[in-house]
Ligand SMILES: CC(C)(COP(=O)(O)OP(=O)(O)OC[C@H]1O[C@@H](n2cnc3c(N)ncnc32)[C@H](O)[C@@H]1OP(=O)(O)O)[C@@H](O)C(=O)NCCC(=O)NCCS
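One chain comes next, on its own, written as structure tokens: the form predicted alone.
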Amino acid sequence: MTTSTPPSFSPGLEGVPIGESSLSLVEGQAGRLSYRGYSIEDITGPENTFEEIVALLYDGELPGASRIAAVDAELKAKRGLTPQQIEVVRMTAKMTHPMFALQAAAATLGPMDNDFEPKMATVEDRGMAAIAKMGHLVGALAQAFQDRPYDPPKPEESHAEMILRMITGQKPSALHLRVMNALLILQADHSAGNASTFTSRVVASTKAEPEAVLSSAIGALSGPAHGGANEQSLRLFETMGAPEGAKAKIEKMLEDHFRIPGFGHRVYHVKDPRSKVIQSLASEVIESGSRVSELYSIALTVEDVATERLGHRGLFPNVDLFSGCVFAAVGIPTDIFTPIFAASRTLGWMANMKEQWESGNRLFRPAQIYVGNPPPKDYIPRSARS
């Protein structure tokens, strides 16, 4: 007689590899993040653009000027939306949360058929189109959310400039454009194991169309335990009033076991390297004496108090603690923070989709541990049930 040993259970699949990837590496104990081997600190400098990182993630190496120009031209050529798609995103922006509106609009980018396997050779082309169109969708959504008329992309605008100008209604300064590029790069990928990218891999493994992959990943990102934390952190700071009273309020929250959004990470057990880059951007772009400056002071107080109380448990600031302050400093409304995250992470989702196909694309079908009643149970006819 043989007995089978049930598989061990890892809540949240923690520590369980879900695939192989050469796109990005998160080193939690060391506090490092790299794309294709290049550190996040090195590729978010003043000279770096989102188009450059698109080329890096797809090609595997830093591109030269001609390749960057080619990516820029391709994104511009592919970012157009139909009048119907623009109508959908503007209409849904009036009906529901921006992330739900974005998810619905992203689904309309799909084709009339639903059979991607014969079109596998187009995976990079379709991915690039999704990256380009998502930036346009976020801009159109933001305009409707703010009750502004639709103002389309301008032919000369880069990806970052298009998004920021469509959202704010103003041509961005050189500083704001530099910050926007860095924000898009920072959020472009974060290994295949984060919730939304894992979702994109699972849905891609079903041979779904790329736009279905995109829409499902947006749904995963919308949750406050993932992409929505940047909104929550800034809203928390806004409830605290003046910075002088923040320390006592944060201490009370921690005593009451309130979970601070933007603090702690499943992988990083030191300070998130993206948080360090965000703070460098904050020092450049946040104007002294502004309301955003006050909110940033509160964020720094949160870091000090929470680190003192929780640092021994390996809990430190993640990217969301300070990113809301930087988004606000360049004129982005709080409700649009996570849609921008989605626009930038589309690059990671689409590059991971390409890797999923190139890996042989085995359908994800993990096991479960059944804890219900042991079968078979005797069936009781309805007439005999009490």
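Just count from 1 along the sequence shown to find any residue number. What you are looking at is a predicted structure, and each value in this text was computed from that prediction instead of being measured.
This next part talks about the form predicted in complex with this ligand, which is not shown.
Notebook entry, point to check: Out of 308-316, 170-178, 129-137, 110-118, where are the residues with a heavy atom within 4.5 Å of this ligand in the predicted complex?
Noted result: Stretch with heavy atoms near the partner: 308-316.
Note to self: Considering non-hydrogen atoms and a 4.5 Å limit, does this ligand approach residue 76 in the predicted complex?
What the structure shows: Contact check for residue 76: no, nothing within 4.5 Å of this ligand in the predicted complex.
Notebook entry, point to check: Taking 4.5 angstroms as the cut-off for heavy atoms, does residue 224 touch this ligand in the predicted complex?
Noted result: Yes, residue 224 sits close enough to this ligand in the predicted complex that at least one of its heavy atoms falls within 4.5 Å.
Margin query: With the partner left out here, check for me: in the predicted complex, does some heavy atom of residue 265 sit within 4.5 Å of this ligand?
Written below: Although this ligand is absent here, residue 265 would touch it in the predicted complex, with heavy atoms inside 4.5 Å.
Margin query: Is it the case that residue 202, even though its partner is missing from this view, gets within 4.5 Å of this ligand in the predicted complex, heavy atoms only?
Written below: No, residue 202 sits far enough from this ligand in the predicted complex that none of its heavy atoms falls within 4.5 Å.
Next item on the list: Consider the chain as shown here, without its partner, and state which of 148, 207, 276, 259 has a heavy atom within 4.5 Å of this ligand in the predicted complex.
Entry: Going through each option in turn, the one that passes is 259.
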